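Single chain ahead, written as structure tokens, the form predicted on its own.
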Amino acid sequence: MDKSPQRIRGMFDSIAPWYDFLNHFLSLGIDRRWRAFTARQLINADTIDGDVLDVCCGTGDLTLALQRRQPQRSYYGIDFSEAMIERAKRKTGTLIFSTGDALHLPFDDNRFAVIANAFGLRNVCDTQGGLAEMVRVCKADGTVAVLDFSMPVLPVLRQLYRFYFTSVLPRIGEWFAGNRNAAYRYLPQSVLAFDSPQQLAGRMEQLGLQNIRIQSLTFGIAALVWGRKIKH
């Protein structure tokens, strides 16, 4: 599977006009609930002081969901695709969006209280490297979180979901967006090839995160994995 920077940037630039609509349409709007749940877990009374970063932010839906929890914080979003960032900037003037590489985040060490990534880490060619960068810019006692698709555990649901994901969803996506770099065929391939939530938790442990939690969402269709960076 081609995850070269040129392929990923070009693919997301090309589908940017349809990205939000298809996300909501193909998930029946459930993706909004997943982001809202993620925001509630990450931004609450127990969250340490500091700014918040959304890595691979796309058009900024998670960044906005996070901001709604505690608007007084500063919220940053960064993404590889300039077309995605341009659409994110149209949604609000209060968030700070910029283009950048998840493998080389342009921020100092220990900069953010919360670093989140929704449906983006599996598009980074080096999963461990992307996670390591998120941990690097996280403050001590801060939180690093990844929200992404997973496979349902129940056998019947798993089979139905796999059929929808590999056969129905690509056709609908390409009907609306056209065959833009085969983006909606890449999507199920990238999900099936990506780490399970347990494997992702293992990566986080290797990078020193603790108190790692896994929350399955909507019968296992998605999962949130998050942990805390402990003071040394």
Ligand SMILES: C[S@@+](CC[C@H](N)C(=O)[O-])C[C@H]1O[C@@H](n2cnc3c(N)ncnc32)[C@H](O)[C@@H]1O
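Note that the structure is predicted; figures quoted are calculated from it, not measured. We number the residues from 1 along the sequence you see.
Missing here is the form predicted in complex with the named molecule; even so, the following discussion is about that form.
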In the predicted complex, is there a heavy atom of the named molecule that lies within 4.5 Å of any heavy atom of Ala118, even though the partner is absent here? yes
Verify the contact flag for Phe80: yes if a non-hydrogen atom of it lies within 4.5 Å of a non-hydrogen atom of the named molecule in the predicted complex, no if not. yes
Does at least one non-hydrogen atom of Asn23 fall within 4.5 angstroms of the named molecule in the predicted complex? yes
Partner proximity in the predicted complex: Gly100 to the named molecule, non-hydrogen atom cutoff 4.5 Å: yes
Contact residue in the predicted complex, chosen from Ala145, Cys138, Val124, Leu95 - any heavy atom within 4.5 Å of the named molecule: Val124
Give a yes or no on whether each residue among Val114, Leu131 and Arg203 has a heavy atom within 4.5 Å of the named molecule in the predicted complex. no
Candidate stretches 55-63, 192-200, 38-46, 164-172, one within 4.5 Å of the named molecule in the predicted complex by heavy atom: 55-63
